[in-house]
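Take a look at this single chain, the form predicted alone, given in structure tokens.
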């Protein structure tokens, strides 16, 4: 049986509810993980989304900033939030679901963007990002009796072809060596598989984000792969497909990120 999980930085779920509904009507993922929902729990649009089949919703919200949510058609057995860096930001939520006789821990992350200057000495936002990634190194994929999936806007494009120009991006936040090496170390230490690059070779360009600043984002195509889908080693062979819905960047009032859907055969 196929089972799909989508990750999408929606950049305000209330503002962009129409395109969330448009996407759901088209793709119908079993689980939808949203980042940067920009609202607290009482303001979240539960009813319209429950009407579309997502009867199990958990979220970690914050007024006007950040925020992550998991919308699921299957029961979620846990609601766990971790306060990375201890600053009170709503940037992580996880739950357990069961499928195909497996118990699976699902993490949904929104890693700090890090500001514009890649120097923690003059830019505290960049320091916060590096500290956040450092704490993520403790996260293990292979747990006793439990598989793992990690999704989200990690705000780092770690590989050469995750950006439109490796050479020109080396001093740009999201692709600096200290960030990329840090995120790759999170994967190595935690035993995580990069499922997107399992499906699309690392030698091929792969983007999930296109800047609002571009006058014609599609023609310029200066993208970055900031959104990720990882798993524990046992789930790698069960991956059927990865879809990056690039056309969503051109929808009405779009997010600058697009949905990424992983489909498994459990």
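Values in this document were obtained by computation on a predicted structure and should not be read as measured data. Positions refer to the first chain, counted from 1.
Heads up, the form predicted in complex with the DNA isn't pictured, but that's what we're talking about next.
Contact between residue 17 and the DNA in the predicted bound form is not found at the 4.5 Å heavy atom cutoff. Put simply, residue 188 is far from the DNA in the predicted bound form: not one heavy atom of it is within 4.5 Å. For the chain shown alone, residue 64 is a contact residue for the DNA in the predicted bound form, at least one non-hydrogen atom being within 4.5 angstroms. The DNA is not shown here, but in the predicted bound form it comes within 4.5 Å of a heavy atom of residue 12. Checking 113, 76, 159, 183 against the DNA in the predicted bound form, a heavy atom within 4.5 Å turns up for just one residue: 113.
With the partner omitted here, the residue from 125, 81, 103, 137 that has a non-hydrogen atom within 4.5 angstroms of the DNA in the predicted bound form is 125.
The candidate stretches are 194-202, 228-236, 65-73, 25-33, and the one lying within 4.5 Å of the DNA in the predicted bound form by heavy atoms is 65-73. Although the DNA is not shown here, in the predicted bound form the stretch 38-55 places heavy atoms of just one residue, 38, within 4.5 Å of it.
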